[in-house]
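So here's one chain in two forms, each on its own in structure tokens, numbered structure 1 and structure 2.
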Structure 1
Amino acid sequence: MNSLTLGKYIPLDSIIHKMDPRSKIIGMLIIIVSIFFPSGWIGYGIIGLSVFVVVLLSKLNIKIIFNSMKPMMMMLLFLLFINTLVIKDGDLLLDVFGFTIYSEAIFQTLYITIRLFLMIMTTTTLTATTKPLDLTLGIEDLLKPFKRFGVPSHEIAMLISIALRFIPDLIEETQRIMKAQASRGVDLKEGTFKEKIMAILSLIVPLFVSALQRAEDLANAMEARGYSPGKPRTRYKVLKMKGSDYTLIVCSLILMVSMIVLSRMYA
């Protein structure tokens, strides 16, 4: 669980850290949209190379990005199992006692894995290079045009920021509970399937209680400081776009147009 970095800000001195949060959010959304275009292996290679360059510019350790995929491994294995049962196209790779695996099942699983990895790589880079407060201000500014339609931009931005901020706290709380239960003889790795389920339940219940307690403490703290949703608010920090921010947005748009062109070629 220590490897999960989504929502954890890593303070470094890089050009990506100094960028406006709005440009990074827009760039992330454009890249994620680009990932869903069926641009083939060439397209995903271009996207992967582009995101990798951004990671290098942000001075993040590439191991942090790869470690973020570890919690998804069980889901990917489950996806592979489902695909082997459902997809029966392509070349037959394995046939053991009626259980068959076709090449298309492996291909589709690999395709989804690459998409998921690129999305996690992009979102982890955003949260690791953007302070939670800056992320809140950026989301709020981007949602401001929707205020005329009754969309509470500030409240939505605040909820997203709090949710991202609580991810590392919940991970640390989970580790604390697991160590406390291990000292009392609870084993999450050994035992029968039923015993493992009971051990997980004994972990989930105190985790929920702790999360609700943290939420109540946060609400009391915000109320004590006079926070009131919907009221006019002033800002100490005003966001301002620079040349590097516009460059990031333009490069992201060029990348998306390239993926559209490649998807047309593969269609």
Structure 2
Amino acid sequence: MNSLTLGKYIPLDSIIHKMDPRSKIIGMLIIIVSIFFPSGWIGYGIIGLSVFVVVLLSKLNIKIIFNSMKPMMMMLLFLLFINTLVIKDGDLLLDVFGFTIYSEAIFQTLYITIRLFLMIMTTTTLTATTKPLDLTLGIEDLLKPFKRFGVPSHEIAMLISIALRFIPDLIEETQRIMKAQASRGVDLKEGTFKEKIMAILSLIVPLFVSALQRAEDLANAMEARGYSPGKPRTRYKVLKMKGSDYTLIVCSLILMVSMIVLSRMYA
């Protein structure tokens, strides 16, 4: 559980951490869109380099990015396996007893890996440098223009921030219940099938009971303090864009335009 780096906020003191969450979200969206353009190796090189600069500026340890790639490893290996079976274009690289691997299969997998890596690098940088609550504030603000079309931006933001707020609690609770049941002889690794089912039940049931209890407590506490979803609310923290924020947005826009140009050239 402690190795859970994906999407975790890492408190550091850097220019990226201090930026407005809105500009960071917009920047991330623009970069993700740019990744989707088939701009070739040069394009991906440029994107990679730009995101790398942002990571450097944010003082994050680059290891964190690689760690958050780890859960994808199995999926990518599986993809490589499927690709070698299906794609039969390009040069023949290997032929063992009729089992053939073509260069295009490797190429395609590498392509997807790089795209995925860039995307994870971008999103991890966003979540690692932005407090979950700031992130939801940013999302709420960005959704505001859509209120006219019936998008309940405030409710969505409240929902996300409550969900985010409960994640560490639930992780802690899970660990606590796991320990409590381990004291009663539960062993998740060993035992017969029936014992394993019981072991999992002994975790899930208390977890659900306490999650529901927490939800009810929170709802009561919010109501007791006069919260009502539809009402207009003022904010304790007012978001403000600075020079660095505009720089980030402009830079990512330039990046996207160059990717569009590059992909045209390839096509």
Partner chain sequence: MPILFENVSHIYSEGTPFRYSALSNVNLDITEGKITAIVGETGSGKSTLVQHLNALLLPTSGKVTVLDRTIISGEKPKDLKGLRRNVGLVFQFPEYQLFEETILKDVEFGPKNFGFEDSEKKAKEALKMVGIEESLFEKSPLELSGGQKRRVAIAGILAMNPKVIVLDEPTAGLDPSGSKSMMNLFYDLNKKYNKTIIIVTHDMEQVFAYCDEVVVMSQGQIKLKTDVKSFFKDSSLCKSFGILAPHLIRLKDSLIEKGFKIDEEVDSIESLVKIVSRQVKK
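Rigid core: the largest C-alpha set superposing within 1.5 Å between the two forms. Here, residue number means position along structure 1's sequence, counting from 1. Since this is a predicted model, take the numbers as computed values, not measurements.
Structure 2, not structure 1, represents the form predicted in complex with the partner chain. Thr123 shows a C-alpha shift below 2 Å between the two structures [criterion: core-superposed Cα displacement of 2 Å]. Core-superposed comparison between the two structures: the Cα of Val238 travels less than 2 Å. For Gly48, a C-alpha deviation below 2 angstroms is recorded between the two structures after rigid-core alignment. In the core-aligned comparison between the two structures, the Cα atom of Asn220 sits 6.3 Å away from its counterpart. Comparison between the two structures places the CA of Ala180 8.8 angstrom away from its other position, after core fitting.
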